[in-house]
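Single chain ahead, written as structure tokens, the form predicted alone.
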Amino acid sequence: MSFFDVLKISATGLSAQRIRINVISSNLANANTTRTEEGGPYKRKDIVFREILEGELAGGVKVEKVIEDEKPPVLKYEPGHPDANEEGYVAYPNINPIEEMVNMLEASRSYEANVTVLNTAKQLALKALEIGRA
């Protein structure tokens, strides 16, 4: 494993967590969307990660796919809403903002950990160069 492999692995982690944060922010933005182009309420999305293997060593992480949550929508009684059904119920997305915020914090911490790995690798390389000067 070379020095640059550390940078490459951390970069894959940064990229994967950035995509995860984008999906979470989309979920939060659409928490009250009752009408989509496909019809019906917005469906919560989640990320599936996959390990990247290079030989016998781990080479990072990759976003394999973005999946839709198949939980049923939450029905609220609002007879005056334009998207209410004949009984007066409106289908809202099955998004729990608290759960999304916890996922956002976890993704943010993972992103910060990858940045710390990058900075540590950079400091180690600089110290190695100082050894060569002496």
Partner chain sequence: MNIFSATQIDKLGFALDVTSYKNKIIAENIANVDTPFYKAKKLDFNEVMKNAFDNGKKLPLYVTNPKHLMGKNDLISPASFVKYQNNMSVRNDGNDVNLEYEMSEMASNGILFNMLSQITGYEFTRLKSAIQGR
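These figures come from a predicted structure and were not determined experimentally. Numbering follows the first chain given and starts at 1.
Same protein, other form: the form predicted together with the partner chain, not shown, and the subject of what follows.
**Q** The partner chain in the predicted complex: within 4.5 Å of a heavy atom of each of F49, N114 and L124?
**A** Every listed residue reaches the partner chain in the predicted complex, so yes.
**Q** Within 4.5 Å, heavy atoms only, one stretch in 24-32, 59-67, 80-88, 38-46 touches the partner chain in the predicted complex. Which?
**A** It is the stretch 59-67.
**Q** May I ask you to check whether S15 falls inside a 4.5 Å heavy atom distance of the partner chain in the predicted complex?
**A** S15 lies outside the contact set for the partner chain.
**Q** Examine E99 and determine whether its closest non-hydrogen atom to the partner chain in the predicted complex is within 4.5 angstroms.
**A** So E99 does not count as contacting the partner chain.
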